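First comes one chain, alone, set out as structure tokens in the form predicted on its own.
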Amino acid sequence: MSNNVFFGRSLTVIEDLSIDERRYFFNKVAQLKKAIAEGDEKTLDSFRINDPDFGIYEVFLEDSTRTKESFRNAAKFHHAKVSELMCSSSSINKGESYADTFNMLSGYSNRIFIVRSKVEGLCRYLDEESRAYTERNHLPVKPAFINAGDGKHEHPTQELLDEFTFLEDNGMDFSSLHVALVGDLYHGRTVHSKADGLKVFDKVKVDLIAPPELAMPDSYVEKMNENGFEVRSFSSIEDYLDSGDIATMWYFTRPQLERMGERILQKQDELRKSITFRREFMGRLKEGTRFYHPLPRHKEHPTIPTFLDNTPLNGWERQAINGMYCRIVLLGLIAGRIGDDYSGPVRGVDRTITDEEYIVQVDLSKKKAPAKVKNYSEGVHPIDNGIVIDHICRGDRPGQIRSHMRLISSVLGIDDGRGGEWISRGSDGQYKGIIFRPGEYRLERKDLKRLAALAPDCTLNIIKDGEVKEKYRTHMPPRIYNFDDLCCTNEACVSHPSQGEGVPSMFIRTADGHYACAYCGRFHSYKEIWTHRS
């Protein structure tokens, strides 16, 4: 078991499993499903944990039927001990911290926690906390955490069963996939998981079908583009069918209009119509088309009407059945019962990020003469001693630059000093900001890190006796953390102060120059992550 890379692993987001690990997973699910169909008990026993003392704990802080029951039945397949936290009477609803609750339960020999919550990023946080708790208390095994859905963020086990069902209808071929995502793409965590989940296919084409009010958030569209997907958008099923180039796989979600306020409810009939399949569309589908849905459908306004239940379009019932098979395999992998024969790349064991130099000190010794302080033509005069921060927000509009310079001054704690801020315009016509502060300033390494996080691509000049004695250029840090005044803007995130968990905010730089919250994944600009922002 020591060589089993799946043993004790958590699944908090779909990217916790590498592409090769997921492909291995799907092959195991296919083997299990075949053995169940054939009644092959010998093969089935090779999947089973078969340990009545192996503790699996279901903690559903948000209502669920299908996910909860499929996990419960998957655990029973394994002959494992299944417990449930009754949230209606637990201390969680009395303000007890999540970390304390789960650490206490992990001390009772529970090995896997299956957690569903409205709090986004909760499983990621619990996974980190339990690691430290296990080490402090010298427990033999750290528990694993499975995210069974967290707010609008992700639903990785649903993504696994969705991908497996797509694969079945794709002849278990990973080379390409063309899928239409239809419905409430704004709230639907099952479609958000697909931004990374569909990377398991070599070539991906995604058609997004939703009116603007229910459209996929920009951050997930950006992620799809970064992952090399071909992405198209349509405002209704009718517009999509008119395009002529349509998928044979359609994935529907339930519109959650009740979460969007009175203005949306006033036009709900129009919105529902744009994403509901109608009988008149039947003749316009390609041969072999399948429909999927994470279920349950809305009983009054199903986006897949019930008249389609007995047609070949019905892929959603098999999809739901596949849920238990996928969760059986997932539990078996985390328990170390299967997975010894895997020998591919591993993802999720080490989440550390390789550091890179993002604060570069300019070598002033190579200059023939001492560097003189620049005399700005638009009113900023040289100072004899102090600091000048130049090239701030280059290319932004003057109002944006002024606003951000106020933030920089506040976060760096230089509000009370003399000096000021200035907007300059270069020969290329682009605006940039300048902050100058005369006086004595001692800037430690942590201050330079903070400046890089606040103002990437700026220049810091430290001036003494009318000469630039030190000069630094900043670049975007690969991650931003360990600052008390960081804050994710998502109030549903476990790291947001309103959650009361005291989770320190941390942000990871994305390929397109944003910062993603390490817990909920929300994209931010470097200007948006500070509590001082106006």
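Numbering starts at 1 and follows the sequence shown. This structure is a prediction, so every number in the text was calculated from the model and none was measured.
Below, we refer to the form predicted in complex with a small molecule, which is not included among the displayed structures.
Contact test, all of 155, 158 and 294, partner the small molecule in the model of the complex, heavy atom 4.5 Å: The answer is yes; 155, 158 and 294 each reach the small molecule.
Heavy atom of residue 193 within 4.5 Å of the small molecule in the model of the complex: Heavy-atom contact with the small molecule at 4.5 Å: absent for residue 193.
Within 4.5 Å, heavy atoms only: does residue 223 come near the small molecule in the model of the complex? Residue 223: no contact with the small molecule in the model of the complex.
Any of the heavy atoms of residue 505 lying within 4.5 Å of the small molecule in the model of the complex? Heavy-atom contact with the small molecule at 4.5 Å: absent for residue 505.
Considering non-hydrogen atoms and a 4.5 Å limit, does the small molecule approach residue 83 in the model of the complex? It does not: once the small molecule is placed as it appears in the model of the complex, residue 83 has no heavy atom within 4.5 Å of it.
Go through 332-340, 295-303, 431-439, 122-130 and give me the stretch that gets within 4.5 Å of the small molecule in the model of the complex, heavy atoms only. Among the listed stretches, the partner-contacting one is 295-303.
272, 178, 254, 199: which sits within 4.5 Å of the small molecule in the model of the complex by any heavy atom? Looking at 272, 178, 254, 199 one by one, just 254 meets the 4.5 Å heavy-atom criterion.
Can you pick the one in 189, 142, 449, 78 that has a heavy atom within 4.5 Å of the small molecule in the model of the complex? Exactly one residue meets the criterion: 189.
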